[in-house]
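Just so you know, structure 1 and structure 2 below are the same protein chain in two forms, each on its own as structure tokens.
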Structure 1
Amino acid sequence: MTSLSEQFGRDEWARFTAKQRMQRYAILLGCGIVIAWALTSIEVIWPWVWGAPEQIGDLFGRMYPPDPSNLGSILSVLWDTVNIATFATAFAVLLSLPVAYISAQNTTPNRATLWLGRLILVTSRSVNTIIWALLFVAIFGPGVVAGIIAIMFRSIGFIGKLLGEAIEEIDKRPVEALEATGASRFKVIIYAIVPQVMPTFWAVAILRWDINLRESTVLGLVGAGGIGIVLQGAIDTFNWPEVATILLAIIVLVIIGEVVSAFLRRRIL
């Protein structure tokens, strides 16, 4: 009886063949070179880097204890933040329905609308909320309107893309059945397409609301309403204890948002 090591010609177990191992080393080396390039060419002032832990510790030291004296106005802008996220999500959901419809291959009327739909989705998703907000603050002036529109513009791409994918995956037999009975285009959508994409629709809307809640917390930094405004004010005046209170308020808000969206997902889906 031959032993295993005789059969395979080596007496130690190895996970990879020599070629695989060389490939892995090459990839690792490549990553190492890229990181070294970034590390050596980036323009940082190294003494600042070594002093960073101390500086960060110092900042936290100044934040403690949090100062809740301004809590009333903090809670009020926190409420604005929730409203911005909710309104923007609601508008974005409504606007993304037709966009999703024309950007799904199986429902779009023709090639031109397909590409128009895709173009809207890509443009919306590629520009960050803050950049949208900068633009809308320049147009509409500071305030919640700019914030809502910015978040809405960003969300349409996300919701429309996921919804369009859901439409592309539907079972087309109900659609054919309805078309065979002579149902109008509108009735086909309502009775054959909508029920199939409804679960995805709610899941995407809830997920985006949760994301938008986080995004809304920074709108105020460029003047577009919400808690970012008081945060910016507190930072500009070096009122670190109040900054700490605002940061805690944001953590609580985000956690509540996650709990609410998890609850809704369980109930609805």
Structure 2
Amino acid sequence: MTSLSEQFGRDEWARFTAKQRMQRYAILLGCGIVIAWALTSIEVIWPWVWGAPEQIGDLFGRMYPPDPSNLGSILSVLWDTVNIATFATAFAVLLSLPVAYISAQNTTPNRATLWLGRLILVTSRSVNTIIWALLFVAIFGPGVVAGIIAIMFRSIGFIGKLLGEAIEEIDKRPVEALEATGASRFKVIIYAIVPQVMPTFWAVAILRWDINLRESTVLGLVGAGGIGIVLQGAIDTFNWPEVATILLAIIVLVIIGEVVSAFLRRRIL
């Protein structure tokens, strides 16, 4: 019995030509070679890898049951963690507004300010929060101040870039209409640009607060305040039941942050 393609004299349909298939196979082969080379060059101690499940089980055994005897101090530094994330986000939002304005092509005063804004955004996003924290701990000393400034510097690039992109995508007609009436630049910003970017502004601010809440939990590992200080102390003293309590507190905090973020998005957006 002949197929329809033979009856009508047509070739069977194929998604890729033979040349395209060969190119895809070559790419896959190249990726496999690169992955194999990477695995052989990073000097993995494979006996430790194979013994990891046993070590994890042993560690969980030492953590159980969690020790709530130090719960008061844990909750106290947990509140510091929330404060670090909240203040850092608030300051970052304020500082990122002018950066977003000068980094958007349709609002920047000139090309020099455009590249200045882009430089600030790239610098902020290129350096990890932990690196910023190490730098500011060296400047301001250990504590929440270093943590707030570290997260603030990291957040400026994130918020400024997204707001700058939102400004570049606004509808130009309201801006042109106000400019045609002789409105000042300040009024053009307030009445034509701000209303269009407000949804993005609130969405980005809430998202960044949620991210900062998570990042602030580890800043204490380098002395920048928050619950990470207590966690590092418990690990250094091999107090595994207290480590379990701290980890559970962090998980609860993150869940509460998710709930608050979702509530704010529903109410504001």
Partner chain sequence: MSSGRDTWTKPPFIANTALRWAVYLGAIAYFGWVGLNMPIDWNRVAEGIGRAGKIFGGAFPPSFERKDLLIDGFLESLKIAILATAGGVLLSIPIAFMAASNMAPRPIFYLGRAIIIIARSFHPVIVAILFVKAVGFGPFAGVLTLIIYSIGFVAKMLAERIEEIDFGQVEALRAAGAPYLPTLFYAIFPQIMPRQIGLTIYQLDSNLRASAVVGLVGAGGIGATLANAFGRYDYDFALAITIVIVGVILISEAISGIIRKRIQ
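Residues are numbered by position in structure 1's sequence, first residue being 1. None of the values given here were measured: they were computed from a predicted structure. Each form is matched to the other, and the largest set of C-alpha atoms that superpose within 1.5 Å is called the rigid core.
- Only structure 1 matches the form predicted in complex with its partner chain.
- A movement of the C-alpha atom of residue 45 reaching 2 angstroms or beyond is seen between structures 1 and 2 when the two forms are aligned on their rigid core.
- After superposition on the rigid core, displacement of the C-alpha of residue 59 between structures 1 and 2 stays below 2 Å.
- Residue 255 is not among the residues whose C-alpha shifts by 2 Å or more between structures 1 and 2 once the rigid core is aligned; its shift stays under 2 Å.
- If you overlay the core, the Cα of residue 19 moves by 3.9 Å between structures 1 and 2.
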